[in-house]
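Take a look at this single chain, the form predicted alone, given in structure tokens.
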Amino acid sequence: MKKGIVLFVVLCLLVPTLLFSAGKKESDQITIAFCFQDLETEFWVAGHKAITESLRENGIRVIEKNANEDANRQLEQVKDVITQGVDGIIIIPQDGESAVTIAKTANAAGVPIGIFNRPPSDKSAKNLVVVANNEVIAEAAVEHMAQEAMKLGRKVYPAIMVGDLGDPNAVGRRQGFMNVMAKYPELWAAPPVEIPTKWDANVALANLQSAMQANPKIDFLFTSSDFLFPVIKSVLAPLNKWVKINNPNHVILGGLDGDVTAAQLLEEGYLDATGVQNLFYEADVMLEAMLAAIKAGDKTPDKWMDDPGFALTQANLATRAEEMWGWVLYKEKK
């Protein structure tokens, strides 16, 4: 959903609240607290940018609170903004458990709360939640990879770099990959090699090196997170397998997140596809739901919203690149 569409929807919902008359008091302006756990990664920097820009473009006063990866501090910050009388709260929580505690605190105070991209561990609290559908997004990226593999006219040797399976995101991404494995059984020369990473670059490096030594024919590789592409390059380059698309030695590559590195690799022609968590879409639907709740006087809105994401590939790069958060940051840096 584009920001222009969201602006139209918001104005339709909130004309009495958002348009200032001659006697409008500043105290009547909607105030939303945005409490985030940190800004240490490109992903969360992009999420922060998407949310704050969407809020301010719609005439909303924003109070920002950075918890610096401290769940207890974030809880205290939420209590503080409640005391200040905010109309709503949007949080990026430290983890799923703290999200539940914070949401219950907001529920008790009668302040609508939205949880962005990191869902609560259970549904015991009432909150707006927007979260990426990792299985669907991963499947879209791997589907494109499979279509590219079919053009080779031979079977390929697949592998997946698996995230920490204690993380629901990693579980969903692995399942999306496996869905494509099951869909095209005739395409694979061997069962997929699963390479543990634990979301740790050093673990990923050691295990990918071992996997390539044991399975040197691997030519179809999906990483559950784009942040591991530098690791992949360091392993494939000495094997003469870090080459651009259409080179006979090219390993069909895919990932998930849509970060700056993936954007660069897509532009340079090394990467076939990446699954994108659509942060701009997520920010828009969260804002729309939050403002609708405030307009309706709903103090405890309870709605889960799904981000189906999309796969950015060599085939649609020219038309959809600007929808990828990493592409936007990449172009800003150039």
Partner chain sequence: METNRLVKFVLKNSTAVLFVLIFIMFGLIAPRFFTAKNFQNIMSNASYIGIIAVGMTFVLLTGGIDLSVGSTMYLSAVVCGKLINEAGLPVFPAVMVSLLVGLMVGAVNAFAITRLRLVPFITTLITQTIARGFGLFITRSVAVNYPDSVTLMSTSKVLGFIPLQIFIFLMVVLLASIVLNRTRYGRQLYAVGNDLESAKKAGIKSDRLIASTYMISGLLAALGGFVTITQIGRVNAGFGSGDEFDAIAAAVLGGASLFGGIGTVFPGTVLGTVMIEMIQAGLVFANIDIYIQPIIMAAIIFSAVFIDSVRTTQIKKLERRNILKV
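Positions refer to the first chain, counted from 1. Computed from a predicted structure; not experimentally measured.
Omitted from view is the form predicted in complex with the partner chain, to which the following refers.
Residues within 4.5 angstroms of the partner chain in the predicted bound form, judged by any non-hydrogen atom, belong to 200 to 208 and to none of the other stretches in 142 to 150, 200 to 208, 180 to 188, 248 to 256. Contact check for residue 193: a non-hydrogen atom falls within 4.5 Å of the partner chain in the predicted bound form. Although the partner is absent here, residue 131 sits far enough away that none of its heavy atoms falls within 4.5 Å of the partner chain in the predicted bound form. In the predicted bound form, at least one heavy atom of residue 45 sits within 4.5 Å of the partner chain. Contact check for residue 39: a non-hydrogen atom falls within 4.5 Å of the partner chain in the predicted bound form. Of the residues in 158 to 177, those that come within 4.5 Å of the partner chain in the predicted bound form through at least one heavy atom are, in sequence order, 162, 165, 171, 174. Legend note: Cα of residue 320 to Cα of residue 53 is at least 3 Å farther in the predicted bound form than in the depicted form.
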